[in-house]
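Read the single chain below, which is given as C-alpha cells and is the form predicted on its own.
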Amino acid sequence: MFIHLDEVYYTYNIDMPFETKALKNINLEIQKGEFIGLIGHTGCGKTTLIQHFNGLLTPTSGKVYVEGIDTSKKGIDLKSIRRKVGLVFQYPENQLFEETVYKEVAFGPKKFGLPEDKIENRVREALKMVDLDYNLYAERSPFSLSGGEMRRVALASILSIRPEMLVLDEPTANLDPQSRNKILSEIKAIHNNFGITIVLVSHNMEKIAEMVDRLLVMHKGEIIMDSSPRDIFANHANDLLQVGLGLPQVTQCMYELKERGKKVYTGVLTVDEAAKEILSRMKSPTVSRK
C-alpha cells in the first residue's frame, strides 16, 4: 500500500467564527500504479484531501501514512515524502519564476541535492515526458510560452524529481480544447509508460471517465463513492445527480435511450462504445445486459 488515510478529519480555523470542517472520516487506500480520478463540486474538500498526500496538511484527527510513514509524526523527513509524491496545483504556471525553462525544470533536482552532472539528464527526460523539445525550449523564458506550454513546463518541473506519485489538481483548467487534450494525453502516456501512480482532480466527466481506472466522488468533505467509472456511471447515476454532479454526455445519451424503452447498456464511457452498443441492439434488440 502506497498511501493510507485512516479516519482522517480536517478542520480549518478551529474555534474561530469561520470554523469549517473540510474533511470527515476519510478512509482511503491507494496502491502503487493506480490511476485515480477525483471529482466533486467546488468546496467539497478535494484540494484539502490531496494536500494530505504529501504532508502539506496534516489531519486534525486521524492518520495519513505514505509507505507506512505517519506524516504527522515529529521529526519525519517531509522532504523525502514530497519527493515521492509530486503535487501540481491548479494554475501551476502562476508559480513559475525562473528565467529559463531549463532553470525552472532543474530547480527541483537542485533543491533535493542531485549532483550537477545529472541535472541536465533529468531536465531532458522531464521535457521529453511532456513533449517539449529540449533544444527548442531549454533556453527560452517560460513566460514567453503559450498557456498550455507553460503548464507543461510546470508539470515537467515536478516530473524532474522523479516522483512515485503525481497528484494533479484540475490540470486543464482554462485551457483551450487543443491544449487540454494535449495535457491529458501526456498524463495518460506518463502513467502507461512509466507506471507512476496518478491522482487526477477534474470536472471533465468525459475525459476522466475514459482515462482513469478508479473514481472517487466527494461531497461535503466525505468520499461517497469509490469504484470504477463504469460501475459508478452505470449504477449510481441517480446518486450523482442527487449531489449535483452530471454524467458524461455519451452516458447521459444512453440513459435517455433507455428511458425511451431501448434496451441499451448505460455503462458506456466513449462514443465508440456507444456506437457499438447501439449497433448491437439494432441487430439483436431482444438481448438485454445488466
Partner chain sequence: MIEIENLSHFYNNQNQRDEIIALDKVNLEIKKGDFISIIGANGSGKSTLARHLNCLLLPTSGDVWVNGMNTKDPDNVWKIRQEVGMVFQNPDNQIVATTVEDDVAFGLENIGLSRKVMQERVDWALRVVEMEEYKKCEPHLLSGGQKQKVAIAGVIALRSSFMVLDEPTAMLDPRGRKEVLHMVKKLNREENITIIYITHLMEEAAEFDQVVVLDRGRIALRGRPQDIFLQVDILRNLGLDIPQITELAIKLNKNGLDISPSTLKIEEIVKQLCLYI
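Numbering follows the first chain given and starts at 1. This structure is a prediction, so every number in the text was calculated from the model and none was measured. Under this definition, the rigid core comprises the largest set of C-alpha atoms superposing within 1.5 Å between the forms.
Keep in mind that the form predicted together with its partner chain is not shown, yet the notes after this line are about it.
### Task
Would you check, heavy atoms only and a 4.5 Å threshold, whether G244 touches its partner chain in the model of the complex?
Heavy-atom contact with its partner chain at 4.5 Å: present for G244.
### Query
Taking 4.5 angstroms as the cut-off for heavy atoms, does N27 touch its partner chain in the model of the complex?
Taking the distances in the model of the complex, the answer for N27 is no, it never comes within 4.5 Å of its partner chain.
### Query
With the partner left out of view, is L257 within 4.5 angstroms of its partner chain in the model of the complex by any non-hydrogen atom?
Residue-level check for L257: yes, a contact with its partner chain.
### Query
Looking in the model of the complex, any heavy atom of A274 within 4.5 Å of its partner chain?
The answer is yes: A274 has a heavy atom within 4.5 Å of its partner chain.
### Query
Heavy atom within 4.5 Å of its partner chain in the model of the complex: which of G221, P248, P59, P229?
Spelling it out, the residue with a heavy atom inside the cut-off is P248.
### Task
Just give me the single entry in K32, K63, K262, H236 that has a non-hydrogen atom within 4.5 angstroms of its partner chain in the model of the complex.
Partner contact (heavy atom, 4.5 Å) among the options: K262.
### Task
Considering its partner chain in the model of the complex, find the one stretch among 50 to 58, 64 to 72, 221 to 229, 37 to 45 with heavy atoms no farther than 4.5 Å from it.
Answer to the contact question: 37 to 45.
### Query
in the model of the complex, do N135, R140 and I278 all put a heavy atom within 4.5 Å of its partner chain?
Heavy-atom distance to its partner chain in the model of the complex: all three under 4.5 Å.
### Message
Using a 4.5 Å cut-off on any heavy atom, which residues of 88 to 112 would contact its partner chain in the model of the complex?
### Response
Contacting residues: Q90, Y91, E93, E99, T100.
### Rigid-core frame, C-alpha of T100, shift of 2 angstroms or more between this form and the one not shown
For T100, whose C-alpha is compared between this form and the one not shown after core superposition, the shift is 2 Å or more.
### Query
If you line up the core, does A138 shift 2 angstroms or more at its C-alpha between this form and the one not shown?
Comparing forms between this form and the one not shown, the A138 CA shifts at least 2 Å.
### Message
Using the rigid core as the reference frame, would you say F89 shifts its C-alpha by 2 Å or more between this form and the one not shown?
### Response
Where the cores coincide, F89 shows only a C-alpha shift between this form and the one not shown that is less than 2 Å.
### Query
Closer or farther: the CA pair N94/L49 in the model of the complex, versus this form, with a change of 3 Å or more?
Note: Cα gap between N94 and L49 shrinks in the model of the complex.
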